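Here's a solo chain for you in structure tokens, the form predicted alone.
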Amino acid sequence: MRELQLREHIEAQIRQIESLSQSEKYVEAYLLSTTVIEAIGFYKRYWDLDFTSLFSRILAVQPEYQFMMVFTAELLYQQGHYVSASDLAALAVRLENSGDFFNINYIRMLRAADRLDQARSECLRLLDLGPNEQNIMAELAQCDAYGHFSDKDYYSVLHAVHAKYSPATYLEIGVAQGRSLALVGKQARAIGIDPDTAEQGRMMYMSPENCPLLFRTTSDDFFERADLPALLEADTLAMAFLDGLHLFEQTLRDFINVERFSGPETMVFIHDGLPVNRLVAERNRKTAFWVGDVWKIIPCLKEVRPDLEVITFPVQPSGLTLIRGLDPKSRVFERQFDVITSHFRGLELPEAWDERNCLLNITSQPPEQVLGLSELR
């Protein structure tokens, strides 16, 4: 039944694409199309659900050759055929009226195909045309940083943790389109918090096995008003994933609130702890690919709470930090919050990768070894 609901949800998104195209809202239609194609790839990769038969309906909405090539390249990319995807995307971007989103996707596919020289060349070509295009600058930074990252992404780690440990209770802050929340299995009592999208029908992704409790509110309001143990039907969280507002002090507040409900085996994961450069790590967003200054929580935890185990995995696109050994009785951060945040807010991201790796506790051990996981997808 859940699989049928997922198919119907995707079909509803395709009808929305058709409506946008008829209204000549082509950019919106393109962006939604690529999101739906990503979802099709996601369900096949992590849940072995095949919705590729719906792909032809997306092509029918935009029959122009350029769109057909771009969409087919995206599907190939989601299926792991990176070389074929980049070859097809190369043809699409050479046609007339190629928008920035076509070019950025092409660069992303070149990186995945390990064609870094071509990806850099494409970035430099575009920067010659628009020297101040910060989105392309961010793409070039990802090319330059590519060798410092694993070939796996953070979704693969979260999926493997759910599969290995089957956490009975799970909380996620910042669900966005629901992709990471959709990795939760049937065993978990799960909660998702997001002031914009945490509501049925507002997210693209849904777990085939789990119907989480959704709270469309800020994390601060949630913890102020909610009775978390009653919602979880348990006193402690087994696992939490923090990916909310991309600011250091908010991430610290989220950590403080989550730690109050921790136990001896609780695992907390924080996204965006390894920025590729200072541009994407700025507090004020200037690029599509942006992580903010979440990374500052890592040196903060190391210095103020040396009792914690803090490990950052260099997984794509911006790292995933694991925190274990939590203490629900600790009140250090709460008592000194203003002083602590004022001190670390002025910290600058090191330019040198050796310094960055040390500051952010980047591990050379793969997540499988640290967490006892099977092979990542």
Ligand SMILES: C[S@@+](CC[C@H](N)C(=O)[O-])C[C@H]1O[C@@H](n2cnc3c(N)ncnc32)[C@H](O)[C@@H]1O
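Here the structure is a predicted model, which is why all the values come from computation and not from measurement. Start at 1 with the first residue shown and count on from there.
From this point on, the text means the form predicted in complex with this ligand, which you will not see here.
- Considering this ligand in the predicted bound form, the lone stretch of 80-88, 236-244, 115-123, 142-150 in range is 236-244 [heavy atom distance within 4.5 Å].
- This ligand in the predicted bound form is approached by Tyr155, whose closest heavy atom lies within 4.5 angstroms of it.
- Taking the partner from the other structure, this ligand in the predicted bound form has a heavy atom within 4.5 Å of a heavy atom of Pro195.
- Interface membership of Thr218, defined by any non-hydrogen atom within 4.5 Å of this ligand in the predicted bound form, is confirmed.
- When contacts are judged by a 4.5 Å heavy atom cut-off, Glu172 counts as touching this ligand in the predicted bound form.
- Listed residues Arg189, Arg179, Arg305, Arg260 were compared with this ligand in the predicted bound form; Arg179 is the one with a heavy atom within 4.5 Å.
- Using a 4.5 Å cut-off on any heavy atom, none of the residues of 224-239 reaches this ligand in the predicted bound form.
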